[in-house]
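Taking the form predicted on its own, here's one chain by itself in structure tokens.
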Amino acid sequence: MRTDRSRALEPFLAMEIMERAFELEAAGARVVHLEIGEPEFPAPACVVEACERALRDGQTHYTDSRGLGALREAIAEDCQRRSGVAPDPAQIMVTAGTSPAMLLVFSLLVDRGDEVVMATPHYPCYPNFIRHCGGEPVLVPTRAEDGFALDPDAVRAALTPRTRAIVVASPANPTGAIHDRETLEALAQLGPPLVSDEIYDGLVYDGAETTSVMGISDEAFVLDGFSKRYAMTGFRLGWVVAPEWSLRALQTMQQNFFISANHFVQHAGIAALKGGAPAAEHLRRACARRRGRLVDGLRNLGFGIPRSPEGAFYVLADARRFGSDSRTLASALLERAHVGTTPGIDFGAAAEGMLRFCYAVSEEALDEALARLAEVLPALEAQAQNTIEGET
């Protein structure tokens, strides 16, 4: 018998598409994966070596629930390099990926009936974490024409006495939006604590810059990790920088729910922060080239992209000329062209009719995906047009 809490969870459609793609591959198909937010790059060599060495040295046991002291100190130094703000290592909790950090933070902040305000289109898991904790997400629409920028006045209008937090993401998934310092300062002044997802920090293009909320508010929760910058998705290693008042409660939940992040993986994290910068910069530069390649290719195929994304490694494109139901369209592209894309509805009703494409893959994969799409899109467009004419 399912609980109300479990029934409130929506499937993560990016994973659903990927898992169906795995089935096709097991049957012999070759799928081009643009659906999942995973860099098609190897982890830095120093990371792999550190992980191997830690395993050989027997670093396979529990650690302090908050993470190895050396890793927390390395994270603080990395924050200083990237943002100019060095948090106290005591304010850092290491987690098994950024998702557990989100679950801990929302478990701390949200009770039944509480509200959390965020931009939409949004990362699919934010509302699910909030609903799982008994709360309700309050969505503030953004527009593609504005680069999906979040308007502080619109956020202010969405606040109620039940608001417990404001979620910000810069760069954002799936939009690539970057929020400037002025916007973040305005959001911080609204009162509820900011929960800032900074996992894509550093993945910016065309001279864009990011601002960490650590330099803006002492009451913010900053979520970050290794998956995106260092191509370490499978290592499952992240962290949260939290206000002093929240630390004991977060530690208690970590002890109960997760115990600690993997010991040997934490050593890999130290290696990434100490020696992984060249690999991270290589990844960023490669993504910068591939962003333009994909944006141009999608526009040539008829997708609507008013502005190129400034950060992260996704393109959220208007696909309504090929079908208004993004889940059906993504499924058709996977089955007919063997190209994985993420349905826009995964990112909220505001993104219905859109598809998200990840460009952190090889240029050859992008070219192959675009060629395959070109073969099937005309038929899908004709089908969509016939449907519209039939309805009118």
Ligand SMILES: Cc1ncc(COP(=O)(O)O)c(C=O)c1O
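Remember, it's a predicted structure, so these values are computed and weren't measured experimentally. Residue numbers run from 1 along the displayed sequence.
One more form of this protein exists, namely the form predicted together with the ligand; it is left out here, but the text below deals with it.
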| Y200, K228 and Y314 all contacting the ligand in the model of the complex, non-hydrogen atom within 4.5 Å | yes
| said: If the cut-off is 4.5 angstroms on heavy atoms, which of these, G176, G97, G276, P127, is the one near the ligand in the model of the complex? | reply: G97
| message | Can you work out which of F303, F148, F106, Y123 has a heavy atom no more than 4.5 Å from the ligand in the model of the complex? | response | Y123
| message | I'd like to check something about R236: if you look in the model of the complex, is any of its heavy atoms closer than or equal to 4.5 Å to a heavy atom of the ligand? | response | yes
| field | M102: touches the ligand in the model of the complex, heavy atom cutoff 4.5 angstroms | value | yes
| said: Based on heavy atom distances of 4.5 Å or less, which listed stretch (252 to 260, 179 to 187, 69 to 77, 228 to 236) is in contact with the ligand in the model of the complex? | reply: 228 to 236
